[in-house]
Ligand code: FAD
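Okay, so here's just one chain, in structure tokens, the form predicted on its own.
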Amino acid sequence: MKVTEHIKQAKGKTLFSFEIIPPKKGNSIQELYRNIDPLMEFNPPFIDVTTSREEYVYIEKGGLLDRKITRMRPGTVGICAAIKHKYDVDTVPHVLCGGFTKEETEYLLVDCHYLGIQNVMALRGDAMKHQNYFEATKGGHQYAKGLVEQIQNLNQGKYLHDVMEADGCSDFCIGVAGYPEKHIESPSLKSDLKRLREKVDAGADYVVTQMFFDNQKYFEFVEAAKDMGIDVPIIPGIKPIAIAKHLQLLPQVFKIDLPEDLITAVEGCKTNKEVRQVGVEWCIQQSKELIDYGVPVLHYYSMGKSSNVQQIASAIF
């Protein structure tokens, strides 16, 4: 079932969902299952699975360093299929511009269609570690808008190099990212909202936001999006702070602000166990206020660890 259909069937009730990252290559999927198992009691209608782009590794060969491309966390589509089969839950693979040609993207989407996966998250992705700015893969998309357009074309039976008439065309529900505190590369929030409007006009069905810790920023973002003519569901993405280093890492990586009350509470902790509890309690209050606002889904960034999300969900759902 599509994410938008789940939202419609909920009739105003806030749903619970979460996002996981694939295990590193060579690791078993069982660890992933162990982190998913405790969250299934909260009946998530869908689970997101992230995709990692390629990385460069250097291998010594004859006294010289040979640069090779690798992917540390492969298997997003396979993991989605495994989770869908094991838990009878819809899965949402993340599809990236970065690291993929248009042809590779088409193959991935065809595989998703064969497996009965009805939802995809269309993302540009980040720059590689050695790049100052994002650079499109040769033969790939520069922006998520182009990726959304490709997925919509596939929904209409329009493949890259031919048009196929078939009764079983894909009908993907397409999610895209939104940024309550604007994208790191955008010159302004208004400019960023224009880009979001372009993705919606291209065929995006819903939006999931980057993490935020001040609900007012989300409320203002939603109202500004409505004023821009964006009328699809906007799902808040939430992450509980878990370690003291998050005070520096999250603003640095995601260019987001942390509320002073949260900063003070974390700085007053003596151990990361105490920090984790502060993060849980903050997230519970965030979640309650967002439910009162009427959000369609609370989407938690679990990052492969479920214990704190389980504690939050137990207090909310």
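Quick note: we count residues from 1 along the sequence shown, nothing fancier. For clarity, every value in this text was computed on a predicted model and none was experimentally measured.
A second form of this protein, the form predicted together with the ligand, is not displayed here; the remarks below concern that form.
Using a 4.5 Å cutoff between non-hydrogen atoms, Ser186 counts as a contact of the ligand in the predicted bound form. Within 4.5 Å of any heavy atom of the ligand in the predicted bound form lies no heavy atom of Ile241. Taking the partner from elsewhere, Asn35 is found to have every heavy atom lying beyond 4.5 Å of the ligand in the predicted bound form. When contacts are judged by a 4.5 Å heavy atom cut-off, Tyr159 does not count as touching the ligand in the predicted bound form. Asp192 is the sole member of Glu149, Asp192, Asp214, Glu106 with a non-hydrogen atom lying within 4.5 angstroms of the ligand in the predicted bound form. Just one of Gln118, Asn155, Thr209, Thr137 comes within 4.5 Å of the ligand in the predicted bound form, counting any heavy atom, and that one is Thr209. With the ligand omitted here, the record of contacts in the predicted bound form names 175-183 of 224-232, 83-91, 108-116, 175-183, defined by a heavy atom within 4.5 Å. Shown here without the ligand, the chain has Glu19, Thr50 in 17-50 lying with a heavy atom within 4.5 Å of that partner in the predicted bound form.
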